[in-house]
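Given next, in structure tokens, is a single chain: the form predicted on its own.
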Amino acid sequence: MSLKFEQLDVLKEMANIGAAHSATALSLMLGRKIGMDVPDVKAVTFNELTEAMGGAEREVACIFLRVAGEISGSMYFIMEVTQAEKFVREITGHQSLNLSNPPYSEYGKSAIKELGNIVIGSYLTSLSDLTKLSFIPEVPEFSIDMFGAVISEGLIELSKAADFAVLIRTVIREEDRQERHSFQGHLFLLPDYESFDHFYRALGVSDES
């Protein structure tokens, strides 16, 4: 099965809707205007996915959850640790929050986990609206580890069905400040082997080359 431009357009539409919902939810939670863009949605090989994240040994902050329902799979929201740390310091105003070296700030971990919950939840809602399939998120887990370690389980399962993954790059920014700082994250939905064909056919993806 291969993805075509029109199918990637559908995924980008889903991503943009999810980003808009995420920005609204974050703005309400923080009491200030947050913007979110999706500059890039693309299908990449597993090696390209690892390269895009800076290598298998790049340390990342990861929110991971399993998805059940009509489609099962693994979903990740991942930021480089330096980006995650800058983000939590910016939105909380606490410059001492630490995610770079253990022991990690519990407040910082909670802030990133909440960000991931909002982003993942918004994307799953937009996916469900577009595909008319049910996506039931399970309890999320947070970790700081090397990218190769956090993504390996999902890629092993996905590799039974495909040799590519869809990478959704997300940029978050605070709109109200004169100096607008932006923070980059990556979202991955890796369907399980049993759900792969069903998921992509629901998006109108042909199994023809």
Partner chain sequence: MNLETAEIIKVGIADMNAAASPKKLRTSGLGSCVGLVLYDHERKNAGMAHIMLPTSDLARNEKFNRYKYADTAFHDLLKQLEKMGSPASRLKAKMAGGAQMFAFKTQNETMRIGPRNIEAVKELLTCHSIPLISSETGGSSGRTIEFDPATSLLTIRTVNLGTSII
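So that the term is clear: the rigid core is the largest set of C-alpha atoms that superpose within 1.5 Å between two forms. Residue numbers count along the first chain shown, from 1. In this text the structure is predicted, and so the values were computed from the model without any measurement.
From this point on, the text means the form predicted in complex with its partner chain, which you will not see here.
Against its partner chain in the model of the complex, the set 64, 153 and 162 is in full contact: each member has a heavy atom within 4.5 Å. Within 4.5 Å of any heavy atom of its partner chain in the model of the complex lies no heavy atom of residue 170.
Although the partner is absent here, residue 157 is a contact residue: one of its heavy atoms lies within 4.5 angstroms of its partner chain in the model of the complex. Contact annotation: residue 144 falls within 4.5 Å of its partner chain in the model of the complex, judged by heavy atom distances. When its partner chain is considered in the model of the complex, residue 59 lines it closely, a heavy atom lying within 4.5 Å. Residues of just one listed stretch (98-106, 82-90, 115-123, 129-137) have heavy atoms within 4.5 Å of its partner chain in the model of the complex: 98-106. Among 149, 29, 44, 52, the residue placing a heavy atom within 4.5 Å of its partner chain in the model of the complex is 149. Shown here without its partner chain, the chain has no residue in 77-92 lying with a heavy atom within 4.5 Å of that partner in the model of the complex. Taking 2 Å as the criterion, residue 49 counts as shifted between the shown form and the other one: its C-alpha moves by at least this amount when the rigid core is aligned.
Here residue 145 does not count as shifted, since its C-alpha moves by less than 2 Å between the shown form and the other one after the core is aligned. With the core superposed, residue 67 shows a C-alpha displacement below 2 Å between the shown form and the other one.
Look at residue 82 and residue 48: in the model of the complex their Cα atoms move 3 Å or more farther apart than in this form. In the model of the complex, the separation between the C-alpha atoms of residue 85 and residue 52 grows by 3 Å or more relative to the displayed form.
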